[in-house]
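Only one chain comes next, encoded as structure tokens, the form predicted alone.
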Amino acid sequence: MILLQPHSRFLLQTLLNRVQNLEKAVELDYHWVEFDDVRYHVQVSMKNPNVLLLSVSLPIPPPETVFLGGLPFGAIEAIKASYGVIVQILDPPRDGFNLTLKLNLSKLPPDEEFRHSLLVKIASVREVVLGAPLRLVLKHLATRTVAPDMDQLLALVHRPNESFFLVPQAEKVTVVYPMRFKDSIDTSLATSFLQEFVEARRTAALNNAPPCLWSPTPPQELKEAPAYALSANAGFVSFVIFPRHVEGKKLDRTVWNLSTFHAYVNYHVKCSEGFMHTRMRRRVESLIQALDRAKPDLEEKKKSPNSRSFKRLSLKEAKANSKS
């Protein structure tokens, strides 16, 4: 299984190249889109080469989610805690984006290792922003508490117009994903993949992993969810997160894996589909080769000048030849 990286590789490479060439005044204007419709825009001007503007557009939130000022709740606090003084939040953001950050690259720490880790964190802005509500819930789980103003059922956006649900409690947090796929083949492969995923969790080697369940119908935890949010053609997947799963450094990994679970499944479904197509093409090619070898050779062999050919005559032809 391949896990997606929390940072944007292109954004990290752009930041590293810019930091290594701060003395050169260059103009940058990059646009790109990553999975789940997260869009980025990076700008650097010739007049101020030490300042980089990073704009991020998030997936369109469905009605059941809670966005404050165009961002998930807790995102502003998470950005300030993660980046400190080198990042300034511009209000309002650039048109068409949910967030615009102003990075002063001259304020980066001189230590190379610390500077690189900070750039990786900046390149992980998607995780910081979209994962802020989930991180807040799991931090309370680590202390076995629930935030006093927290709803009993939370909807968090993870794909355009799609959400997953949290049921926070003091001793555990239940995470439920309605799994939706547009293509019928993807739906069949995802259903099989998720059922095997649940079976794999029951092996002895994965006793410490979060319990995992799959159901074709909405689980009991979603009884208060709106009906339009419960349409899922590949069933529902539930994880139960306990305090041991969010202790120390496990928190960051748990937040990222839960935030991108649907993308993780979709990635492996596409890989499985591509692998099967490759196997099918190889099988067809081998069958074509076998058929080609079985074809008779229709070309007549060229006769040499000294070669002789014989024809078997019938009895009548033999008698006729003897009389002549």
Partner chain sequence: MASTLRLYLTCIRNTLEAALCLQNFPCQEVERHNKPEVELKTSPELLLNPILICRNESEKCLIETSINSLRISLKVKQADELENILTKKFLRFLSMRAEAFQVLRRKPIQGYDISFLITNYHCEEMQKQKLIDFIVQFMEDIDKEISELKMSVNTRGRLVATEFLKQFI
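Numbering follows the first chain given and starts at 1. This one's a predicted model, so the numbers in the text were calculated from it and none came from an experiment.
One more form of this protein, predicted together with the partner chain, exists but is not displayed; see below.
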TL;DR on 58-66, 36-44, 286-294, 23-31: the one with heavy atoms within 4.5 Å of the partner chain in the model of the complex is 286-294
Which of 210, 178, 168, 72 has a heavy atom within 4.5 Å of the partner chain in the model of the complex?
210
Sole residue of 83, 97, 239, 214 within 4.5 Å of the partner chain in the model of the complex, by heavy atom
239
Kindly indicate whether 10, 107 and 114 are, all three, within 4.5 angstroms of the partner chain in the model of the complex, using heavy atoms.
no
Touches the partner chain in the model of the complex: residue 250 (any heavy atom, 4.5 Å)
yes
Quick one: is residue 54 in contact with the partner chain in the model of the complex, heavy atoms, 4.5 Å cut-off?
no
So in the model of the complex, does residue 200 come within 4.5 Å of the partner chain, heavy atom to heavy atom?
yes
Can you check whether residue 245 is within 4.5 Å of the partner chain in the model of the complex, heavy atom basis?
yes
Taking the partner chain in the model of the complex, which residues of 258-282 have any heavy atom within 4.5 Å of it?
258, 261, 264, 268, 271, 272, 275, 276, 277, 279, 280, 281
